[in-house]
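First, one chain by itself: the form predicted on its own, in structure tokens.
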């Protein structure tokens, strides 16, 4: 009877999970398998291979690794991801520390501004940043002109920095909310004891706060890495330019798959490579989290 009860509970749990598993299978697993399949063919948007594609097996993967633009996009992507991680996680943690246990209109104002930047559609945010950074008519250059400074073509002078700052401004809210919740879980007696023995703010941060919220930090880094590595919004901001200097891997994949002759097969192969990179990074983070 006891064993039967356990079996019945497992069946019920599976039934409750079935809709979620079906959703994951339809919208995540099947598209991934289909992308791998297309990546093994020479399918194209136009021409003879648009109607009758053939298996070329790993030729698309070999072409991708031989393409210098792929290596350039990979390097730009890692710079973009690293810069965004430092910006979003660092700024989110800083805001969480500053706003923790604070009350009043200032906390509400800062929190709402950060969250609004997160929930506003990415297309709207991108065009706002274009208007802000435009060389001739942008607000930032207008302010610099009033102060007597020369106008700067930000998209050419600091291309990767622009998309990193844009992505940091856009996504800091998630880190801030996650770390604010983590800080609230720290027992007040730990910090109060540290105050009694005269520990400095840095010692409390290093020896109490960071060790206790390390799982949340790793979780934040996992999610931010996966989201940032696959984000496409910078395309609206720069379209990968100027001169491919902001062409991260998703933009490079789009250019290969849908522009020119539309090499869908090779674009799918590059997507598969991105998937494998994401899985590798996720496994590294999960191993670190499990070790903790």
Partner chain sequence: MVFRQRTNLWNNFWIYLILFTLVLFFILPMIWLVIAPFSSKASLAVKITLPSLNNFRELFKNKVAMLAFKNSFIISFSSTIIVTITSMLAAYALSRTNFKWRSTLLYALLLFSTVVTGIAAMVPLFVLNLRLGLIDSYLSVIFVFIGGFLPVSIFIIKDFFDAIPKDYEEAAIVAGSTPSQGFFRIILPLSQQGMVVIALYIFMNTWGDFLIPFILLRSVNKYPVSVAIYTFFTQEGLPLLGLLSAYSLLYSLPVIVLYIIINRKFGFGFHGGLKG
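Numbering follows the first chain given and starts at 1. By rigid core we mean the largest C-alpha set that fits within 1.5 Å across both forms. Remember, predicted model here, so these are calculated numbers, not experimental data.
Another form, the form predicted together with its partner chain, is not on view; read the next lines as being about it.
This chain appears without its partner; in the predicted complex, the one residue of 165, 213, 76, 85 with a heavy atom within 4.5 Å of its partner chain is 165.
With the partner removed from view, the residue among 105, 146, 150, 123 that has a non-hydrogen atom within 4.5 Å of its partner chain in the predicted complex turns out to be 123.
Proximity of residue 34 to its partner chain in the predicted complex falls within the 4.5 Å heavy atom cutoff. Taking the partner from elsewhere, residue 247 is found to have every heavy atom lying beyond 4.5 Å of its partner chain in the predicted complex. Contact check for residue 160: every heavy atom lies farther than 4.5 Å from its partner chain in the predicted complex. Contact between residue 129 and its partner chain in the predicted complex is found at the 4.5 Å heavy atom cutoff. In summary, the region of this chain contacting its partner chain in the predicted complex, judged by heavy atoms within 4.5 Å and restricted to 137-145, 183-191, 205-213, 68-76, corresponds to 137-145. Residues of 144-162 placing a heavy atom within 4.5 Å of its partner chain in the predicted complex: none. Relative to the superposed core, residue 147 undergoes a Cα shift of 2 Å or more between this form and the one not shown.
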